[in-house]
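Here we start with a single chain on its own, the form predicted on its own, put down as C-alpha cells.
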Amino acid sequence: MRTIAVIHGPNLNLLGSRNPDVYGSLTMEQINGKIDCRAKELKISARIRQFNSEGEIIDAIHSSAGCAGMVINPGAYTHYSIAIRDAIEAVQIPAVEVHLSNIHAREQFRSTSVIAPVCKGQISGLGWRGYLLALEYLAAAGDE
C-alpha cells in the first residue's frame, strides 16, 4: 500500500480553539479522522504527524523519503524556513503545501511561501478540505 506522509506544523494542535474564524472549528483530531477516511477510500495509507518545532518537522520530512508523497502544512514556517524548504527538496518526493486559510488574503508577510517552489502545488484557503484534495492529487500521481 502506498503511503502519503501528512505533516502538520506549529500550533495546528490548537485547531478548534485557535482563531476558529480563520482556521475553522474542527480540531486537528477531527481533521485527521477525515484524512484517514479519505485515505482508506483512495486505498492509500496516511502517516499523520504534528510538530511544533522546526527540527522535528525536518526529521519527519527526512523519514518520509520512502513515501509516495507528502502533504505539508508548515504553518508560520512557510514564510521563512529555508531549512524545511531544503529538506523537502532533498527527499525528492512529490509534496503539496496546504494551508487552511488563504495566506494570500491575509497579512502581507503571510503571502510569501519559501516552501511552494519545491512543491508540486499549493492549496490555500479551502479549510480542512485542502488536505483531502492534496491526498487525491498524490494518490493519482503517476496516473497522468
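Keep in mind that this is a model prediction, so the values were computed, not measured. Just count from 1 along the sequence shown to find any residue number.
Only in words, not in the display: the form predicted together with a small molecule, which the text now covers.
*Which one of these stretches, 75-83, 54-62, 41-49, 27-35, sits within 4.5 Å of the small molecule in the model of the complex when only heavy atoms are counted?*
Among the candidates, contact is made by 75-83.
*Taking the small molecule in the model of the complex as the reference, which of Val114, Ala68, Ile103, Val91 has a non-hydrogen atom within 4.5 Å?*
Comparing distances to the small molecule in the model of the complex, the residue within 4.5 Å is Ile103.
*asked:* Within 4.5 Å, heavy atoms only: does Trp128 come near the small molecule in the model of the complex?
replied: So Trp128 does not count as contacting the small molecule.
*Indicate whether the small molecule has at least one heavy atom within 4.5 Å of a heavy atom of Leu12 in the model of the complex.*
Yes, Leu12 sits close enough to the small molecule in the model of the complex that at least one of its heavy atoms falls within 4.5 Å.
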